[in-house]
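Read the single chain below, which is given as structure tokens and is the form predicted on its own.
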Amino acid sequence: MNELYELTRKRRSVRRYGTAHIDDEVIHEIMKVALTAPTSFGHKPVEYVVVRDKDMIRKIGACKQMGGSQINGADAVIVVMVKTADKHQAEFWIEDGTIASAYILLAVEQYGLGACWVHIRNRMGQRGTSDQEIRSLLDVPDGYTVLNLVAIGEKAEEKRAYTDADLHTGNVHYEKY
């Protein structure tokens, strides 16, 4: 059995959350998975702020003009940011943050929890960019850029898992297009 495939086919974006509190140890284990994500040249420029405070979660969601409210109700929000001050290390900052975020999404599913990626890069907030507003709220020093948020919580909606019939197998080519 392909355990990773079984996990990925069940992982779907969840935007409605129950009221259950996620144990701190589970969050810690999810973050350990994130820290194993590969990064370009092994520089490890991806950093995270784990937000559990409900009021702060709402404030972070308000930093995005459209689509930020989908984090409301989440028990935790992971702010994924990358150190972009050093241009040599930051060449692949989007890729580095994206890989780490994908690891988080899979780790969350492993615990039977729901998660949703919320895009922040190049999005507008209320007074400036979403990135600027979130960094200001969380006291993030200069030299970092917020790529996305990952909202995590108890699933309050069920979505069916993908099946083999859902796969776009025609998108896979071997040797040549």
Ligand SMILES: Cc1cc2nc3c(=O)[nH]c(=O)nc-3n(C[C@H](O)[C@H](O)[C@H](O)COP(=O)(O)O)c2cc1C
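Throughout, we count residues from 1 along the sequence that is shown. Source: prediction; values computed, not measured.
Unshown form predicted in complex with the ligand; subsequent notes refer to it.
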Of 130-138, 54-62, 116-124, 37-45, the segment with heavy atoms within 4.5 Å of the ligand in the model of the complex is residues 116-124
Can residue 13 be called a contact residue for the ligand in the model of the complex at 4.5 Å between heavy atoms? yes
Does any part of residue 70 reach within 4.5 Å of the ligand in the model of the complex? Heavy atoms only, please. yes
